[in-house]
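There is one chain below, alone, in structure tokens, taken in the form predicted on its own.
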């Protein structure tokens, strides 16, 4: 009998937003796996830190901070091998993932490498976009509105086209792309309808109109935009 690989969503950062299922699985885990960036601390582990058993073996996947795909792919290859070895021993492995495993989640890279060989279960988590909407008090979509999610690294022309097509939109992974995003929203006449949020649900959360947002933004930041009248009134 081999173990089961669980991709467990942790939510956007506040440990209180762990689901009951995530809490149960992590608190009884024989093996925990999670990524770190360039040897730094793991945000995923920090969210679940109070729940992880002292007896759990921890598999750390150190992902280099680079735009090149090959170093990150190598890190997930190595992590998948370590995880596979534990699964073959019959040990369940809990892979920690910020937010939701299948919404821009790093777990999908492990899933692609291991799901054809081992039993795999996905435990969904609260997404950063719903956490930001809740913090801002801003319904994302109503009735027949189309909600569009745009990653910040998109090129300016593609982002402009996507913004034009959307009823409501979320721009994620803002970080170093903030100035480009500002230009796109200004050209579309949407700056006044945009809300900026960073580090949602954490003690150092910031939220404000985009017009008052700082000149630089961290990776964990997001912009929410609604067009036209509020349709839920």
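Bear in mind that the values here come from a model prediction, so they are computed numbers and not experimental data. Positions refer to the first chain, counted from 1.
Just so you know, the form predicted in complex with a further copy of the same chain exists too; it's not on screen, but the next bit is about it.
Highlighted residues 18, 69 and 112: every one comes within 4.5 Å of a further copy of the same chain in the model of the complex, counting any heavy atom. Within this chain, residue 126 lines the site of a further copy of the same chain in the model of the complex, having a heavy atom no more than 4.5 Å away.
Although the partner is absent from this view, residue 143 contacts a further copy of the same chain in the model of the complex, with a non-hydrogen atom inside 4.5 angstroms.
By the criterion of a heavy atom within 4.5 Å, residue 165 is counted among the residues contacting a further copy of the same chain in the model of the complex. Proximity of residue 102 to a further copy of the same chain in the model of the complex: non-hydrogen atoms within 4.5 Å are present.
Counting a residue when any of its non-hydrogen atoms is within 4.5 Å of a further copy of the same chain in the model of the complex, the hits in 117-154 run 122, 123, 124, 125, 126, 127, 129, 130, 131, 133, 134, 137, 138, 139, 140, 141, 142, 143, 144, 145, 146, 147, 148, 149, 150, 151, 153, 154.
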